[in-house]
Structures are given as structure tokens and as C-alpha cells.
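Let's start with one chain on its own, the form predicted on its own, as C-alpha cells.
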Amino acid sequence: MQITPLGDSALIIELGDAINESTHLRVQAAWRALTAEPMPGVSEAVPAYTTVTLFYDPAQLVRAGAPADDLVSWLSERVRERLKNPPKSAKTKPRTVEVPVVYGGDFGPDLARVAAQAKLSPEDVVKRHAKVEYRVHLIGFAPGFPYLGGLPKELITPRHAKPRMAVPAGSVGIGGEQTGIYPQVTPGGWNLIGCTPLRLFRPEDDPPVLLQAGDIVKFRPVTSEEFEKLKESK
């Protein structure tokens, strides 16, 4: 683990150098430990692929007893102490969220492209995509957009060289080694294989996003009729 300053009000805690399951678990454990109970002067902890970024208020750190000329060392030491002895409340199990998806057709115009890349039938692509469990590595790009790790290797497909100007909300896509879900209508270059009726970004709720880093996602294939019924009920 390495801790380095980011500007004058943040620390980057590096927990690995590759995107994989073991690094993800270390990131999640650190993030839960750092957020389970308040830390003096710390306003936010943001998990990513291999790091947790800790944002702090320098003035509050000084009021908490940190030397004004060495805030980084003072806070780094408390971070190490917290990670060595995490609160009991940090040992929570990740949520599992089921995401219904209608695959192919107008909902997934790139399903055939992914199938051709994998040398599989579209039906086999759907079976393999929906068979595994995915972990939410981070939320980024757009509010509520989950970057999901765990895509079967045979389904890895390069992004489009020319992105679409408008990807429909709810679209499930594959971009390289990851899969994800577009929460709003945005430009995007991922391969669209399906669509979910779930709303991933809900500004009226607290929290406003359906998925959180660390969640486990399971896709469930549904028919277009089921899709419409589920969409009407949301």
C-alpha cells in the first residue's frame, strides 16, 4: 500500500497495480473501513479500480491536532491505523442486485457484432453474459454508470472507433474487458447488447444512484413484453 498526496486536500491510497478481483476486494475493504466511522477532517472517500482517494479539509485537520506543516504524514498515519484496525461495522457483505435485461434486436443492436467477435451465436453470448456475477468496480463517466468487472474473456470486444451520439438510457454494453449500463441518454462507444428498464440514476432518491461500488450484479434475461411491463411499473 502506498499513500501519496493529491494536491493540497486529498490523498491517494494505492492498493494494487492491476484491475483484478483481489485488488478490487482490497479497495472495497479499505473504502468500507475508511467510511464506516467518521475521520477528523475527511469529507469523502472515493473508490476506483486500484485506489481510494481521500478528500479532506486542511483547516479541520489542524483543528483536530494535525501539524499545519505536515498534514499528509499526520493523516496518512491515521489512515494506516484505521486500515489495520477497521471498525466492526466495516465488515458488511456486498449487496446483490438483479438487473433484468432484454437482449438483442433494437434493444441490443451490437449483439451480432459481439457474437462474431467471439465466434459464438447471439444466443450463446446472452447465456454467457447472464451466467456470471459482476462486481461494480466504480461509478463514473456519468451519474450512476457502473463499470462492471467479471466479463467472460470470450466476450471481450473493442469499443466502436466512432461512438454513437446518443445511447438510450438503460443500455447494457460491452467495452473491452468490461460491461456497463448507461443510466442516461449520452454519447458512447460501447457495444450495445441489451437494455434494462431499471433507472440507475434517481435524483429524487438518497442515494441518487441504484448501484454502488462493491455491489454484485446479476443480469436476468427477459422478453420485450416483460421489459415493457417492468418499465411501466418503475
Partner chain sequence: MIRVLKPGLLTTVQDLGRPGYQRFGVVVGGALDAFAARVANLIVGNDDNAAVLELAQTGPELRFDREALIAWNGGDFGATFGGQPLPRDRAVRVAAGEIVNFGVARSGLRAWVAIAGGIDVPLVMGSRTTYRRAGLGGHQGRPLIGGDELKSFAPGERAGALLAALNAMGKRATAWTVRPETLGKPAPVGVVRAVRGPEWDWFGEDAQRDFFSADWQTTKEADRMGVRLQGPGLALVKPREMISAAVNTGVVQVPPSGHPIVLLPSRQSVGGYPRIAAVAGVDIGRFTQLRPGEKVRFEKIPLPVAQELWLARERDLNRVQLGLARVTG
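Note that this is a predicted model, so its numbers are computed, not measured. Residue numbers count along the first chain shown, from 1.
This next part talks about the form predicted in complex with the partner chain, which is not shown.
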- Message: Please determine whether each residue of 19, 138 and 143 possesses a non-hydrogen atom within 4.5 angstroms of the partner chain in the model of the complex.
- Response: yes
- Item | Single option in 71, 115, 79, 151 placed near the partner chain in the model of the complex, where near means a heavy atom within 4.5 Å | 71
- Item | Selected contact from 198, 45, 167, 29, since only one has a non-hydrogen atom within 4.5 angstroms of the partner chain in the model of the complex | 45
- Using the partner position in the model of the complex, report whether residue 56 sits within 4.5 Å of the partner chain, counting heavy atoms only. yes
- Message: I'd like to know whether residue 62 contacts the partner chain in the model of the complex, with contact meaning heavy atoms within 4.5 angstroms.
- Response: yes
- Query: Does the partner chain come within 4.5 Å of any heavy atom of residue 8 in the model of the complex?
  - Reply: yes
- Query: Even though the partner chain is not shown here, does residue 12 get within 4.5 Å of it in the model of the complex, heavy atoms only?
  - Reply: yes
- Message: Within 4.5 Å of the partner chain in the model of the complex, counting any non-hydrogen atom, which residues from 197-230 show up?
- Response: 201, 203, 207, 208, 209, 212
